[in-house]
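Shown here is one chain on its own, the form predicted on its own, set out as structure tokens.
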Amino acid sequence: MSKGKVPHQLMVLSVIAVAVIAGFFVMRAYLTPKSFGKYGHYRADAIDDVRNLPVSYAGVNVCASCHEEVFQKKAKGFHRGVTCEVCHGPAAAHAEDNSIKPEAPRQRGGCPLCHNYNPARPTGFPQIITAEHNPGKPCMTCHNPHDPVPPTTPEDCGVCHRSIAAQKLVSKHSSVECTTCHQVPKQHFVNPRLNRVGKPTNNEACGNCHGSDVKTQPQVPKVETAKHAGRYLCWECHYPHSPENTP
């Protein structure tokens, strides 16, 4: 290569780069909507497009204006945060003409969308296994959807804490009652959100069964709690509901 001559490869790359940049600006000029940038970094005509869409939902305030008794009942129950049209579908047409009836989900398909067992749901969220929970019966047989309190007070923690119960069932703690480690107020079964369950705060809870000085239950693994854990809490290494799962 002679001194001062531009390499052929660099020339080719330069031409390609110029073509790409020129193509970008040409396409931008022809393809960018004319209203783009009028109000900000988006297409201004989109506002009119959305405004012209047909109205499908009436809104909870419209529902409450006619169904005040039901609305007040729901406002005091566990479904107070669920808007009417989540279950009944879009109701704008019904609000305009009450002869058009909204959907009334009376079979088993609607409720399991939220309440069928799913380990990803928050702990304490009421869950069921649809195939096992009163199979064949509509949920409304036992539960009022606007105030869905259980017909009887649950006696089993697994009714609400199903994911934990399922994991504990196959662990070495399967025979340990929940109340062995947790302080459970009686009102927790009636109003769980206002009556929280107490959790252990120190290693003495685990030491009651696993401490080396405990003479009962010889088959249970024993450790010198103070030396074994040191400044750490037991559950920083052992998951209580499945203690064999350690980091």
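Just count from 1 along the sequence shown to find any residue number. Since the model is a prediction, treat every value here as computed from it, not as a measurement.
Missing here is the form predicted in complex with a small molecule; even so, the following discussion is about that form.
Chemist: Report whether the minimum heavy atom distance between G37 and the small molecule in the model of the complex is within 4.5 Å.
Modeler: Outside the cut-off, so no.
Chemist: Quick check on P221: any heavy atom within 4.5 Å of the small molecule in the model of the complex?
Modeler: Residue-level check for P221: yes, a contact with the small molecule.
Chemist: Although the partner isn't part of this model, could you tell me whether P200 comes within 4.5 Å of the small molecule in the model of the complex, counting any heavy atom of the residue?
Modeler: Yes, P200 is a contact residue.
Chemist: At the 4.5 Å heavy atom threshold, is A44 in contact with the small molecule in the model of the complex?
Modeler: Outside the cut-off, so no.
Chemist: Go through K215, R193, R51, R28 and name the one with a heavy atom inside 4.5 Å of the small molecule in the model of the complex.
Modeler: In short, R193.
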